[in-house]
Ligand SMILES: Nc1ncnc2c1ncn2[C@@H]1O[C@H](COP(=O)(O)OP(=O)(O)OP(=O)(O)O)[C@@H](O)[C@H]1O
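To begin, one chain is listed below as structure tokens, in the form predicted alone.
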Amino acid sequence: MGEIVAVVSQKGGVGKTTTSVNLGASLAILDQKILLIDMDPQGSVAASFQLNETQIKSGMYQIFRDNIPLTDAIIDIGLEDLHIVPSNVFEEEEEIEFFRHGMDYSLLKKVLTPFKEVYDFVVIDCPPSLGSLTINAITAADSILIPVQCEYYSLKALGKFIRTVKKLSQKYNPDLDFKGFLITMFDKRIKRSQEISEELRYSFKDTVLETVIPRNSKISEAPSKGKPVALFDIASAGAVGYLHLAEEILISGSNNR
């Protein structure tokens, strides 16, 4: 039985999509069968693989609006064991409709649950908000992963965000597991980054993952090549960081079984 992992954050720019894409690819490299779901209307998952509008026939928007089968929207991006479902939202009106259909908070769970028999992990990239689409993901997920950038404002809003997520999970998904906080864009040369990392570990203790994703130019460049960082430069610090994350996720999953 596979596991559904939602990558959630109320703040943009913390590495949410980057983490979703590179965690999915790294797990696939480690011989796991992965389905990557884009619930963010911005469509950054498809953009990470340089898929354009003409290459995408269907996505999560059509699944929510028209009740098409998920299999009709799955795209093979050429990496063995990694498939994606884009959001496929290109107009403002479609984005509004996507959120409106998401008001049925159990919809994504109904769609994804059968695919836990097919994939080892289903990774969901959520919008940077706690709106209807993220609530769908929280309801459908077995666990959540929260990327946290080593900046003051990211840390300041974290406590309130966690309390809100807990309230949502208690209402819609009491069995939701917390994978932990993932420190992203960490720059060891900057003293403030180190201080925030230490404060995060002091405040949230063992809920902070051991893996730290460094600020790395290869991570930023990889989407322009249409590749996860591990396929762009496997020896880069960014690729190594996400492979370590995948290993940590696998270990935590086996410990919970």
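For every residue, the number given is its place in the sequence shown, counted from 1. Because the structure is a prediction, the values reported are computed rather than measured.
Separately, the form predicted together with the named molecule exists; it is not shown, and the next lines address it.
Task: Candidate stretches 27 to 35, 215 to 223, 193 to 201, 66 to 74, one within 4.5 Å of the named molecule in the predicted complex by heavy atom - done: Only one stretch qualifies here: 215 to 223.
TODO: With the named molecule left out of view, choose which of 55, 50, 207, 42 has a non-hydrogen atom within 4.5 angstroms of it in the predicted complex.
DONE: Filtering the options by heavy-atom distance leaves 42.
TODO: Consider residue 128 of the chain shown here, and say whether it contacts the named molecule in the predicted complex, taking contact as heavy atoms within 4.5 Å.
DONE: Output for residue 128 is yes: heavy atoms within 4.5 Å of the named molecule.
Open item on the list: So, residue 185 and the named molecule: in the predicted complex, are they within 4.5 Å at any heavy atom pair?
Closed with: Output for residue 185 is yes: heavy atoms within 4.5 Å of the named molecule.
- [ ] Would you check, heavy atoms only and a 4.5 Å threshold, whether residue 240 touches the named molecule in the predicted complex?
- [x] Residue 240: no contact with the named molecule in the predicted complex.
Task: Residues in 1 to 36 close to the named molecule in the predicted complex, defined by a heavy atom within 4.5 Å, in order - done: Going through 1 to 36 in order - heavy atoms within 4.5 Å of the named molecule in the predicted complex - the hits are 11, 12, 13, 14, 15, 16, 17, 18.
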